[in-house]
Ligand SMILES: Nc1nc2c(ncn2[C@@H]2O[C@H](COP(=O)(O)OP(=O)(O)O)[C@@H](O)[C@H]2O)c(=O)[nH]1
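The chain below stands alone and is given as structure tokens, in the form predicted alone.
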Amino acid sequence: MAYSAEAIRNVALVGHRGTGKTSLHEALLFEGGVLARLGSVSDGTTASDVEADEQARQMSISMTLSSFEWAGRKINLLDTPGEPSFIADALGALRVSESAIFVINAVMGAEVTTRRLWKVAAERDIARMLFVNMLDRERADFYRTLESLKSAFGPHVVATEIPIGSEQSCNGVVDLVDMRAYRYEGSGRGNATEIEIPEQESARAQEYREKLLDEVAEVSDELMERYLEGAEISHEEIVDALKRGTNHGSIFPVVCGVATRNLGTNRLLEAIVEDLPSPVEHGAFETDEVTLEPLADRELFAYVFKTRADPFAGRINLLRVYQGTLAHDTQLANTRSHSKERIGQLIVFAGKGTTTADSFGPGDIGGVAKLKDTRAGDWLAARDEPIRMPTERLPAPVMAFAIEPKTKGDEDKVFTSLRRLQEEDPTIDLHRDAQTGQQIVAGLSQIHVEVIVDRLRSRFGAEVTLKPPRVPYQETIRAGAKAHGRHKKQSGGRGQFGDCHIEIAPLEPGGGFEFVDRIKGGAIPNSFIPAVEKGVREAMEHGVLAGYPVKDVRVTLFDGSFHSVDSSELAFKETGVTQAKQALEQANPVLLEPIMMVTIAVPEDTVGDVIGDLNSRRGRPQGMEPNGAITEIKAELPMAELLAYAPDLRSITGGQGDYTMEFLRYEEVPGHLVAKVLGAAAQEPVRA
């Protein structure tokens, strides 16, 4: 059946790695009747983490969509990875959801990834609720965590529930809206029993209810006026104001529980359907080109936000219908490729299983298989009308490796498979380095690249080896020089003769290469001068120090001679090569290395250690900018010092630091390091 937009709740589960998002997803599906038993991350039995690499690493790598019904509403629940290496899926889920539940570790409080995703959710006007999880852990403290959340996200973070008991003795919650308490026994479905608010929690429940009412009253001027006058606010008014305040970020409700024990899960499901907005309540979706309203009788617009690469089923696309009704066995336009797509079977995901649907109405989320030319980021529409989703700011890949097939002849298989994985994960960078000739695969971390290699093997049977990429060094000169020589060859028949005088001089950094023709009086015929230039350029491709490209030089051809019979283009090209190399050797050649501008985000308490590490890597800090508990450091570093930086930064910052980098300029390699670079180059010559 197709659900009306009013009955749909699209909810992303997001947060830092290790907060229990997958366990919460599992408990919600179990309590909602989708699963027969409660799976475990540690046992590898959850509905979310079905890939072998996810089970082995005990972490989510890909987003999981599950749809089910609760209290007459359809909940589309998107469980997302918390590891920063796979943040693209979390950003994709936030793109198509009206609401996000931020899952918080009750021991750790507001962590780095949570803060970053919160900022994204705020920019997109997404309703936000927080679930404080793991209350049964040692050192778990709901009230300390609540203060941490208020400090990170502002005073409108407010508890709508508080726990009963603490750490191992946590066994229930108090609902501050209804002022009712619930005790949980066991982890089975329907494990909650309503009880009187325990005496030891009564005063605290009243205290936090007053704080909740203070926030609720701010939703409207009328409510605030009555509240300040001491008038009673009815239960219905509280519920209505809480929902309105949550919808557009005036209130951020905090609920709590223990996902692995199914504690608080039923209350969270009630909060999802009662407090979080439907697509209709959240409002129309606007792009630069069109305003889309969640109405069934309008023209169809559906956005593809995730592509899964399956070696057997091909592409499976997850999409969100923004307007109109998507029906199977219809034809739609892909507004990017301007091609027609036939919509075949519509897929509904529920845990590890799937069912089919006849249609998806406005606001709904589901899947469709075997679209020939559609991938993540595309729009499907009733007609080919220009429409674009606002640009997604994805982090840039920084961990690069040279990649080679283990088996000769597998090149096409490997790179075709990599392209399919790239459709699934847009943060993968795949390119050929024009200077070194290496095929480069880059990701957001070493874990990211390892997962890429694992999936190449497990999904597509493609085995590869990884090597650190070569640093694209260059060579230049620091002085001018002249060279003169002849290319003369006589071995019977027509000979070869070329005679050139050239001068070489340095250019300013970034000057590239210049060839200047100053031949006068026809000393060399015009028809042979391009051959000299070709030879000189060929010599510049491989410098005299270590075979790296030569940049920022000017070569002037100022004299020469020719033979009316034996001179040829080949002879003058060879002369250009030999004379350019001779001149380079006499012009004080030096080695250049790429310098990168690096932006590093780290917890403020690790700034000193990070700066010290940067100094040890020949880094030059350019400034710092605090942003809450995170400090952003800008520094210039040689690329050679960054090849293994990602794991070291994770170690220094306890896994909470990350960085981006961009090319800045080339600089001369310090004298004490030149011999080391030249020695390494001799071991592995630069490719043509």
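Remember, it's a predicted structure, so these values are computed and weren't measured experimentally. Start at 1 with the first residue shown and count on from there.
From this point on, the text means the form predicted in complex with this ligand, which you will not see here.
Using a 4.5 Å cutoff between non-hydrogen atoms, T64 does not count as a contact of this ligand in the predicted bound form. When contacts are judged by a 4.5 Å heavy atom cut-off, D136 counts as touching this ligand in the predicted bound form.
Remark: L38 does not count among the residues lining this ligand in the predicted bound form, judged by a heavy atom distance of 4.5 Å or less. Looking at T19, you'd find a heavy atom of it within 4.5 angstroms of this ligand in the predicted bound form. Across the proposed site, S445, T599 and T660 without exception lack any heavy atom within 4.5 Å of this ligand in the predicted bound form.
In summary, the region of this chain contacting this ligand in the predicted bound form, judged by heavy atoms within 4.5 Å and restricted to 189-197, 421-429, 215-223, 255-263, corresponds to 255-263.
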